[in-house]
Every structure is written in structure tokens, then in C-alpha cells.
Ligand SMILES: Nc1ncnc2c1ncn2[C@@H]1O[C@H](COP(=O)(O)OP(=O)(O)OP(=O)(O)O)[C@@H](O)[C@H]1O
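Okay, here we've got a single chain as C-alpha cells, the form predicted on its own, with questions on binding and movement later.
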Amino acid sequence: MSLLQPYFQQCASPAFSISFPSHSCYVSVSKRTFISCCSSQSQTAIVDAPIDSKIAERDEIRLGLPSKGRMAADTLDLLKDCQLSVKQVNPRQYVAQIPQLSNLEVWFQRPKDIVRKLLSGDLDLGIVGLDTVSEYGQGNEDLIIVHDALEYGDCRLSLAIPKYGIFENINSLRELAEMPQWTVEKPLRVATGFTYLGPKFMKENGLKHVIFSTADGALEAAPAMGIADAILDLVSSGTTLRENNLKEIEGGVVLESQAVLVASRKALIQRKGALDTTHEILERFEAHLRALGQFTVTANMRGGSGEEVAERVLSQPSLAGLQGPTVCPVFCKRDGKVTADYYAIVICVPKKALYKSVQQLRAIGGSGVLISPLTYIFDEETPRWRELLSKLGI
């Protein structure tokens, strides 16, 4: 147990006991499981260790991307949609380039290693899930979330308990905490891979007698096998939980997560070009993500003046667009003379209001309605850039 002592010193208090079990806490468990638990804790200690404030001496800027899985594919798709295609000479290589961003190297890594290497100074930027940043970053102030909503990888870290037995009528975290079954001798057993966020959440919510075990693979089987009372794991739709007779409970969500762009504070301040590169990536992300689900609607409308047409359009609130409709004359030649009997209006409409907006346009005289999807919407300056500069004290 000596390998786990630093953890006990961090999380235990006279009113709160939370720990990882030895092999005696399992119905059946191998030596490998215990070693894995110790190894995981050892890695966590590395993340929490002091970091040399000096940035590594290198010229290139390094961006860490997930190497496998759905998160990796969705990340590459986002970059491609933002005209930042990753060029990888060999799929077995871990280093690639983005031609549009000079002096940038892409490094494919496991998500948790991206966070660790941001902290160690081996990476400057990374794209991972917020759950990974929170678990392996452990609140380290050197990590800065540059963009907190990349619109994929949505999930939640949630506590789940069986629907049956002593938990049948337990539907909230408060009710779980008040169950008389949990004592020092018989604590609530939770299986999880989140050995930092799990204990932290339990302590903050008043669950005094809890013991955690680490596990790989399908945690949903742990309660049915009798080796855990509850699990703390990532949930997307909840289907897998339901199929294994497990349920989420009120107040049991540790955090909502999706893909985020994260950076090293020291790298942004000290590494030449890192802040400029981050600015360009952020602007491309913001412009593309803001345009998702938005459509440009163009229509011709007869009117005596642009002001008259604009007033007619603005009488319908759903036709206001981003800042208001664009109205300009449509010139045609009639009887040898150039006239402007029609005006073209251009507005931006979200997908969910598209058909209703077209109906309203036609009702006030719009015709020849054209619709096209938007790719980018660039603001004068993205609010997230201003927020980043504020975090950096610039």
C-alpha cells in the first residue's frame, strides 16, 4: 500500500475515507489488477509533479491529436472542414504536417498522453475531450481551454447504480449518500477509470465511505459480477447502461464533456509563433462552427425603395438575419432603360427556422428564393480570442 500513500494523504480526512482496494477487496482478482491500479496512481502522480518553467528549446510548434478511435476521425474531419487538412506521409508515423500552418508539427498521441505532454512542455496545443483534460490535468493552471465546444465527442461522466436490489428505490446522489449500508467496514464500492475526478466528486458531495477500484473494458458488468456496487464512467446515449440494468441518478453527473482545444499557458506566452498559430486555428474553428446549421436565403422582392423593402422584411422577426437583412437593387432593362423595380434581400437563417422563413418571405412578396448552406461566419473578432488574451494577462 505504500505506493498509494500520496493519494491517501491528498484525499483522506477525518470525515472522509476514500481509497483504492488491495486484492482482498475483490471477490476474485489477479495480481495484474492490483499492479495496474498502482501503476495508474503512479502516472497520476507524474501529472501532478512540479514542471520546469523553462520551455523546451525547439523552434516548431507542436499540436497533439488523438491517434485512434472516433475522436481521432472527428478531429481530422473538423480540421479538414476548416481547410486545415493533416498531411501524413505514412499512416504508421506519429508525426504529420498541416501545410496551411507553417512551422507546425502534428503529433498523434493517446488523449491522456496529450494532456501529460502539454504539462511537460513536449506539446504546445492539443485536441482532446474535456473529461481527459480534467482527469489528467487535475486543475493544473498551465492548461488553458482555448475553445470549449468543438461540437463532437459529446458525453458525460456519470455515476450509475443497479436498478434492482437495495438500489431499486434510490434515485438521487443524496439518497445514495444517506443509505445506512455504507460504513468504514463496508464502504460503497465504485469501479472507474477516473481515479482523480471520481474521489474528488464523492468528497465534494458528502459520500464519506467509498472505495474505488480501477478496471479496464466494460465497467457495466462490475455490479452484476458482485465486484462493485456502482460505476463511474462516460455515458453517451445511456443505452449500454439500460441494457445492463443500470441507471443514472439525479446529481450523479460529474461533468459534461466534448472535444476541446487546449493549450499550454507557458507555450503561448514564451514560444515564438505559438500565440499567432493558436489565433488562426481558433478563428477557423469559430467561423466554421458558427456556420454549422446556418443557411443563406436570397430572394427578390418588388418595392419602391430599399428602405420600404427592409421595413417589410423586418416586420417578421425571424427574417432579421445576423445583424439585419442585406437589401440591394436588382437592375433590369425595360423599354431601353435600366430600372430597379426589384430588390434582392439576403439573410442568414438557422436550419430549424428555414422553411418557416421561406414561407414568411413569400407571404410579403418574396420570389425566386435561393437557399445555400454556409461554410464560415467570421466575426470582427471572436470573443474566445479576447477571453484567451485575458487569461494570459495580455
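Please read these numbers as outputs of a predicted model, since none were measured by experiment. Note that residue numbering begins at 1 and tracks the sequence as displayed.
Beyond the structure shown, there is the form predicted together with the ligand, which is absent from this document and is the topic of what follows.
With the partner left out here, the ligand still marks one of 230 to 238, 164 to 172, 278 to 286, 303 to 311 in the predicted bound form; by a 4.5 Å heavy atom cut-off that stretch is 230 to 238. Proximity to the ligand in the predicted bound form, defined as a heavy atom within 4.5 Å, singles out one entry of 131, 105, 81, 122, which is 131. The partner is absent here, but in the predicted bound form a heavy atom of 257, alone among 75, 257, 294, 97, sits within 4.5 Å of the ligand.
Though the partner is left out of this view, residue 112 does reach within 4.5 Å of the ligand in the predicted bound form, counting heavy atoms only. In the predicted bound form, the ligand lies within 4.5 Å of some heavy atom of residue 154. In the predicted bound form, the ligand lies farther than 4.5 Å from every heavy atom of residue 191.
Mapping the unseen interface onto this chain, residue 211 falls outside it, with no heavy atom inside 4.5 Å of the ligand in the predicted bound form. Heavy atoms closer than or equal to 4.5 Å to the ligand in the predicted bound form belong, across 66 to 87, to the residues 68, 69, 70, 71, ordered by sequence position.
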